[in-house]
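In the form predicted alone, a lone chain appears below as structure tokens.
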């Protein structure tokens, strides 16, 4: 077991799980969180003895402090918990919008606040927030998602200033073709998106994991919003 501990919020599925798995492979102690306690524990056990599972729903920020009370010293924090939402202004769902805004803009901030006394105050310590390309490339129904991901950019800037020497960065993935959400789409759906990348291929989960680890560990990088989309915006 390595000396470093990395907390991956939203580490029970998709890209968050792949990040946790990569940290384990690096010999680190890992804490993963998920909304369902039994499932989170089961996944933690499956990842190995260096992994601890914690039940946590950051869309309910008043519960965060109590749920993370058992977490010790932290050297890296990845806030990968997301929810998908199609919510247009014409058919605006207030409850869904409030939940998603709370999850990312309040839940992310409260998680950092809660762990601040356990985050080693060093340039070696990194925090990575997950945003998304919808902030720059909106689509019908992305009003809430685009706004929130723009808010993540602002949060990175202020946290990098407030928490230095701890480094704070954000990653903004585009469409990740082999992620569970996109890989399950009917045949042909991804082709249109692939045609909008210069190389004709979408980003992969491995691309996002690698970029997250770079932001988490490179001591010369802070207050960066990194897009991982294989150049989608170029075309």
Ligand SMILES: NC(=O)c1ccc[n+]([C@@H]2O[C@H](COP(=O)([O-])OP(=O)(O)OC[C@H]3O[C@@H](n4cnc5c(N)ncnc54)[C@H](OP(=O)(O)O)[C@@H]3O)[C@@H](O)[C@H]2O)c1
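Note that the structure is a prediction, hence the values are computed from the model and not measured. Positions refer to the first chain, counted from 1.
There is another form of the same protein, the form predicted together with the ligand; it is not shown, and what comes next is about it.
Novice: Pick from 192-200, 22-30, 51-59, 65-73: which stretch has a heavy atom within 4.5 Å of the ligand in the model of the complex?
Specialist: Result for this chain: 51-59.
Novice: Is it true that 14, 131 and 176 each have at least one non-hydrogen atom within 4.5 Å of the ligand in the model of the complex?
Specialist: All three within 4.5 Å in the model of the complex.
Novice: Tell me, yes or no, whether residue 185 is in contact with the ligand in the model of the complex, where a contact means a heavy atom of each within 4.5 Å.
Specialist: Taking the distances in the model of the complex, the answer for residue 185 is no, it never comes within 4.5 Å of the ligand.
Novice: Taking 4.5 angstroms as the cut-off for heavy atoms, does residue 156 touch the ligand in the model of the complex?
Specialist: Residue 156: no contact with the ligand in the model of the complex.
Novice: Would residue 109 count as a contact of the ligand in the model of the complex, using a 4.5 angstroms cut-off between non-hydrogen atoms?
Specialist: No, residue 109 sits far enough from the ligand in the model of the complex that none of its heavy atoms falls within 4.5 Å.
Novice: Is residue 93 one of the residues lying within 4.5 Å of the ligand in the model of the complex, judged by heavy atom distances?
Specialist: No, residue 93 is distant from the partner.
Novice: For 207-228: residues with a non-hydrogen atom within 4.5 angstroms of the ligand in the model of the complex?
Specialist: Stretch hits: zero.
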